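Take a look at this one chain, the form predicted alone, written out in structure tokens.
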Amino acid sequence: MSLRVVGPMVLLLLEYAFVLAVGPLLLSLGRRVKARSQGRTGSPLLQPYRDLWKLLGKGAIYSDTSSWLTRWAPAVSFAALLAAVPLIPWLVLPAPLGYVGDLIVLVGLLALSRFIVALAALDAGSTFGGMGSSRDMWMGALAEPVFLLVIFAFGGPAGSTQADVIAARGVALGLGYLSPPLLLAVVAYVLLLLVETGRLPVDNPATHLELTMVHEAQTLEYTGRDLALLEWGQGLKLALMLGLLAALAVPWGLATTWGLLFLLAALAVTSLKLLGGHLFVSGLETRLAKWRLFRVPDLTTLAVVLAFGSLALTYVVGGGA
């Protein structure tokens, strides 16, 4: 196998290892920030890794009413999230595998992950599962059109919906990349991130109250390694959303050559951007209370207005030039 093939594959494996490792850490960091804001110590930062290790070593138990869908849904959902990793520039520009898909494909993969888990929750025959599935799919129907608009807001000035092309434009422009359209797109994306990852004020991942839980209601029937895949998938999805925000909003720090020192520096910068972005989101959560379910459209409507404002400034006023 030639070096031209081995190099991108090794780099892609490095990116996979990084994203899979950082996902549980992001979840733990968010819980720690919220605990400190409430005057509690919180669980250790490495607790999610211990929980995953314990769950992966246990078998799965299934309801008598469930079918093959319940058994395969966690693996399919996790695989869909894994397939989205190469679509985001984590360390180097251009992406290691070149063009394997754009951000519209990313939206589709996230929708597939959401859809298969919702179907499985219905398949198990649980009342809570059906409630959580209906809520999650309703939120997805609100979030996915907003996601497409935000992608167009970021990609319009670059003339592409491919993440590494947008990031490469930002790197080339330097501080000239900062503009009012970019700011509006970033705010719209942050609002979208709260909905897509189920954070406050949309959902509270720490609660198990039947009147408020969404994602947790869909995982109540799962145990063992299936539950581990679903929990790990939540961390992976959060890492994907934050990684995309880092690549599109602050692309500086990505390596443009494959030198070892450049890659290590890019790894450090990307880690700082992910942790910084999640600290900001977690801090924002501590200032917000859980909203009623039917107030969620208010959040997505504001994101739509901001995304349209970004597009208007780009194409009408010329703010994205």
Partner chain sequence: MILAEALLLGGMVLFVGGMVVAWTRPTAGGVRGSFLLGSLGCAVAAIQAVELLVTGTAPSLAIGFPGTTTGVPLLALSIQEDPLSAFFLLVVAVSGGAVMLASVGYVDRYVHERRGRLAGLCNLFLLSLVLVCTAGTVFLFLVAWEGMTLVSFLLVVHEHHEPENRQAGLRYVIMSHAAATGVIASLLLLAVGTGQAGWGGIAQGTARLSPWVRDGAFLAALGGFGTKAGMVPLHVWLPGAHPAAPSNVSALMSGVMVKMGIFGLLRVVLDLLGGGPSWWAYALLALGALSALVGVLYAIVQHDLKRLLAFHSIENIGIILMGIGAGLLFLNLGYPALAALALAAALLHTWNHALFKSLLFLGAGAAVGSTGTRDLERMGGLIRRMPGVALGFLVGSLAISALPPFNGFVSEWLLFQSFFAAFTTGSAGTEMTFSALAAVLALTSGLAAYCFVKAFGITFLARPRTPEAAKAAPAPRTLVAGMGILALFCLVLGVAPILALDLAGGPLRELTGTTLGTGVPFSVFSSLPGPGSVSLPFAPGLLALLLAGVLVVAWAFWRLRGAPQVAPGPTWDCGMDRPTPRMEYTATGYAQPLTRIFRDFYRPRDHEERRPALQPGWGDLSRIKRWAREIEDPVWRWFYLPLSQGTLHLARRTSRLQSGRIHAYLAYMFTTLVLLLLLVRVVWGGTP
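Positions refer to the first chain, counted from 1. Owing to the predicted nature of the structure, the values given are computational and were not obtained by experimental measurement.
One more form of this protein exists, namely the form predicted in complex with the partner chain; it is left out here, but the text below deals with it.
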Non-hydrogen atom within 4.5 Å of the partner chain in the predicted complex for each of Leu56, Ile104 and Ser160 = yes
key: Partner-contacting position among Gly243, Pro86, Gly170, Gly233 - heavy atom within 4.5 Å of the partner chain in the predicted complex   = Pro86
query = Among Gly198, Pro181, Pro251, Gly155, which has any heavy atom within 4.5 Å of the partner chain in the predicted complex?
reply = Gly155
key: Stretch in contact, per heavy atom within 4.5 angstroms of the partner chain in the predicted complex, of 189 to 197, 171 to 179, 78 to 86, 243 to 251   = 78 to 86
request  = Look up in the predicted complex whether Arg36 has a non-hydrogen atom within 4.5 angstroms of the partner chain, and give yes or no.
outcome  = no
inquiry  = Although the partner isn't part of this model, could you tell me whether Ala312 comes within 4.5 Å of the partner chain in the predicted complex, counting any heavy atom of the residue?
reply    = yes
ask   = Looking in the predicted complex, any heavy atom of Gly130 within 4.5 Å of the partner chain?
value = yes
Distance check, Ala60 to the partner chain in the predicted complex, heavy atom within 4.5 Å = yes
ask   = Within 120 to 158, which residues have a heavy atom closer than or equal to 4.5 Å from the partner chain in the predicted complex?
value = Leu122, Asp123, Ala124, Gly125, Ser126, Thr127, Phe128, Gly130, Met131, Ser133, Ser134, Met137, Trp138, Ala141, Leu142, Glu144, Pro145, Leu148, Leu149, Phe152, Gly155, Gly156
